[in-house]
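As a starting point, one isolated chain is supplied in structure tokens, in the form predicted on its own.
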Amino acid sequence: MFMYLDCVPCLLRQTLSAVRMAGDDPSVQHEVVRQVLHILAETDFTRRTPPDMAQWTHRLIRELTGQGDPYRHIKQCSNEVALSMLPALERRIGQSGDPFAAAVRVALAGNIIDFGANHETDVSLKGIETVVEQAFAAPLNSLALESLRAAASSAESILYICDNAGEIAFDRLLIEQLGPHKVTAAVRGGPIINDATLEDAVAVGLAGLTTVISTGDDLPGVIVSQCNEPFQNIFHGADLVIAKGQGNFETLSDIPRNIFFLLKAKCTVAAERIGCEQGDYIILESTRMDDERPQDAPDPDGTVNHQLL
């Protein structure tokens, strides 16, 4: 999914939030914003995804502020809150009439822990408990759920591409339903926003449950050609790929490989792309999407494409 015009203010808001979190030097903050504005002015939106731009922005912030992981504290807090909730969630899943569906809802609820799409995410215990209740009450596409269930049942190998810290503790519960022995979980190759890394996978016990690998890249999504060879081999060879979160959807939705996306649609751009309402919890089985140029993006001849997606 390439850049829309609506992605520009979102990226700038994210830049301001991150650079302020990384330090309080106004001169550094001004320089970061100036450079981001410059690269946005020069960017071909038909060739860049939002996570691609976020990767460049956050590398710049880390370089100019000297902060290797500005979101480290937030990630630690998110992991701790999510871990404290696991015993009650495990009981709830076990006592439900459909543990698999319940685990999917818990995993979807975890996708709200996102400081890229929403810098005001409430990661308090009360805040996450509220989101879990919303996820259990929300409508889900029953056909997509059953398709995921069938695909998971028949698969001998599953690649589960994780998204954010904290969220990956909830992913544990779904991976237990999928069968940890046949799952490989993938996390980011380096710090980027509050996305999960190997450090987070160890902190929440995911690394002790199943095989965990790194993509080898600090993109808040997955561009397969930029990932390391072990990830690429598993991505192409797994019987089933499950991708969590909007960043993974934005970078993998045009890949000629069937993928199940699990996410909450956090912005109008993603909701329009998916064909849902902002805030919906989504299970989406996706094959190749042939024309994903945004309707407000320039065509190669310089005109504007007004066709609906």
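Residues carry their position along the shown sequence, with the first being 1. Since this is a predicted model, take the numbers as computed values, not measurements.
Here the subject shifts to the form predicted together with another copy of the chain, a form of this protein not shown in this document.
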Worksheet item: Can you say which of 259-267, 66-74, 39-47, 241-249 gets within 4.5 Å of another copy of the chain in the predicted complex, counting heavy atoms only?
Response: 39-47
Worksheet entry | Val33, heavy atom within 4.5 angstroms of another copy of the chain in the predicted complex | yes
Worksheet item: Heavy atoms within 4.5 Å of another copy of the chain in the predicted complex: does Thr57 have any?
Response: no
Fill in: Exercise: Met21 in contact with another copy of the chain in the predicted complex, heavy atom 4.5 Å
no
Worksheet item: Would Gln29 sit within 4.5 Å of another copy of the chain in the predicted complex, counting heavy atoms only?
Response: yes
Worksheet item: Would Gly127, Glu133 and Ala138 all count as contacting another copy of the chain in the predicted complex, using a 4.5 Å heavy atom cut-off?
Response: no
